[in-house]
Each structure stands twice: as C-alpha cells, then as structure tokens.
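In structure tokens, one chain follows: the form predicted on its own.
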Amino acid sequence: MPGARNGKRSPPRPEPAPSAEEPEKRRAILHAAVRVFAEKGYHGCRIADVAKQAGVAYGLVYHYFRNKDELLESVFAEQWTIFINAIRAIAEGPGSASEHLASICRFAVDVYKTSPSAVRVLLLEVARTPNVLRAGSTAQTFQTAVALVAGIVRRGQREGDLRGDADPTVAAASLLGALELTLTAAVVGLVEGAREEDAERLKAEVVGFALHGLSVRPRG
C-alpha cells in the first residue's frame, strides 16, 4: 500500500505552503485580462493574449482559471467587490444620506476616470456575454448593491433628509441604473469623463440628477 511500511500507514506528508507569489501572479493575470478584454473584446481575444500581457507562461493562467469564461467572471467579481465595499464604507461613515448617495456617484465616476478599461469590460463585455456569469452569483451581487443603497435611502427617509414617499428599493435601483448608463455613455464616447475637468463636471451632473428626484419637496 502506498505510504505504508511494515503494514503501518506512514504519517501524511504536509502540504507545501503556498508561494507568496501566487496571489500576486493571480492578480497580475486578472489585471492583464482587463486590459486585453478592453482592447480586443472578450470574444476577440485568447488566453494566450492574456498570458502575454501578464508576462506569465500560458499554462499558468489555467493554474488559476479553468477557462476564459471563469477569467471574465473573476474580473466581474473583483470589480463589483470593490464597488460594494466602497458603498459599505460610505454608508458607515459620517454624513447625511443624501451626502452618502452623492459620494457613491462620485466614487463610480472616479473609478471610470482611474480605471476606464475595467469599467469598459464590466459595462460592455460582461453585458455581451450573459451566459458566462452564473445567474446566482450575479443576482446576489446586484441584490447586495441595491440593498445597501436602499438602506441609505431608508435612513434618509427616517431622518427627513429624503422623500418619505419613495420606494427605497426602486430608488436604489434607479440610482445604480442611472450610474450604469451614464458610465456606458462615457465608455462609448457620448460624454466626456476621462479628463479631470470633465470628470468633475460629470460627477456634479450625475449627483444633481440622481438626488433631485429624492429631494424633500418644499412645503406650501
């Protein structure tokens, strides 16, 4: 019997400790995938293109990801995790509910300004490849984002900062939807947002439009 001597089982060998480089290499592959997907499109690129961009061996990509579909899903999960964590941090910080909603809008525009390739992949490549993402994980991601923003809206309604007659879930979905379409317009060149002055203007307009419908209506 393998692993046994004189009828006795030898103690199991300890698993080798993971290399400290492994997380870095996986991250490098993900970031390379974002650049390649943004430049060539998800359907127009190969795993070999990602490996070349990351500066790693072709087979190493398959060490971390089963196929190109899983690579795209991982890009989606990583970017949405960043956004959801930012919403949580904003919601738990100081300020009114309307200020928190404005901060979420500004954060989204800032992400586009600093990482346009990642935003392009999320808004265009993922949307064009609906079968890549598992329905359960995708739905859960969106539900989490909407629930967090709806929680901010509810707090604003309790504190009198936001209209009390608005449905919090509808308001949250509308705000996130407005952000998505605005950034899509920036990605395809319908609006400017990459330069500093353009980004500041875009943030001001997005915040104004997003919050106008939730503002408390003046009495009288």
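From 1 onward, residues are counted along the sequence shown. The shown structure was predicted, so the numbers you read here are calculated from the model rather than taken from an experiment. Throughout, rigid core stands for the largest set of C-alpha atoms superposing within 1.5 Å between the two forms.
Keep in mind that the form predicted in complex with the DNA is not shown, yet the notes after this line are about it.
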Which of these stretches, 152-160, 31-39, 175-183, 65-73, has heavy atoms within 4.5 Å of the DNA in the predicted complex?
65-73
Though only this chain appears here, would residue 45 touch the DNA in the predicted complex if you measure heavy atom gaps against 4.5 Å?
yes
With the partner left out of view, is residue 25 within 4.5 angstroms of the DNA in the predicted complex by any non-hydrogen atom?
yes
Can you work out whether residue 59 and the DNA are in contact in the predicted complex, taking contact to mean some heavy atom pair no more than 4.5 Å apart?
yes
Is residue 67 displaced by at least 2 Å at its C-alpha between the shown form and the other one when the rigid core is overlaid?
yes
Superposing on the rigid core, is the CA of residue 41 displaced by 2 Å or more between the shown form and the other one?
yes
